[in-house]
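Below you'll find only one chain, the form predicted on its own, shown as structure tokens.
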Amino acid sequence: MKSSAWLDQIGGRLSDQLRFLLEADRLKGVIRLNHIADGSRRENTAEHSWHLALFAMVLQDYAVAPVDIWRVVQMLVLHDLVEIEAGDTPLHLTLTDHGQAAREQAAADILFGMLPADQGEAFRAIWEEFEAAESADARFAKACDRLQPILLNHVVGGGTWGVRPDFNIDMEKQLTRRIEHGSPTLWAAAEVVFADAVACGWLKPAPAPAAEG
């Protein structure tokens, strides 16, 4: 950030909040691997977060249990802020990237630590709740987070499904089954998308069982 002398002049709680909001603008520059629906360019993480908030608002009737939609939206707006410091790890790489969690925890320390203590602690708690995915709100938020890239991959004809040569429908289901925990209805829809993607040749089918000796 350029000189922040003007923020220092404002001072106090508002200065810290404005500094945090300007830092959050960096999320617009974090580029994800998947493309937007028209296939013209890759998605950035800020617009991904917005899209997920919209998913939650539109699809809340399909949550496995009643949810506080405002809390769900807060989770989805906050959940990827850590990518400002930690970068984006595509879902299919989380199978082998064992340092991701530590990087994101360190990033959360930095980013939420910029806010006034009470607000920073409250936002950090919402972020931690999303990561744990144990509450009904968090499970539904996770379902939205997993569903959106599936739809984008399908409408662009494969997208990130083709990045790993060995990536197949079984691996995709392993990584996205959290959808079912938050919404069986949305998981059933995802399975329709997977089957069509396999039929179209965009997602590899399950490997054949190994022959018995």
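Numbering starts at 1 and runs along the sequence shown. Quick caveat: nothing in here was measured; it's all calculated off a predicted structure.
What comes next is about the form predicted together with a further copy of the same chain, which does not appear here.
Triple contact flag Ala37, Asn44 and Asp196 to a further copy of the same chain in the model of the complex, non-hydrogen atom at 4.5 angstroms:
Every listed residue reaches a further copy of the same chain in the model of the complex, so yes.
Hey, in the model of the complex, is Leu115 touching a further copy of the same chain, heavy atoms inside 4.5 Å?
Leu115: yes, in contact with a further copy of the same chain in the model of the complex.
For Leu111, is any heavy atom within 4.5 Å of a further copy of the same chain in the model of the complex, or not?
Heavy-atom contact with a further copy of the same chain at 4.5 Å: absent for Leu111.
Can you tell me if Val67 lies within 4.5 angstroms of a further copy of the same chain in the model of the complex, counting non-hydrogen atoms only?
Looking in the model of the complex, residue contacts with a further copy of the same chain do not include Val67, since no heavy atom lies within 4.5 Å.
Residue-level contact is defined here as any heavy atom of the residue lying within 4.5 Å of a further copy of the same chain in the model of the complex; does Tyr62 satisfy this criterion?
Yes, contact at 4.5 Å.
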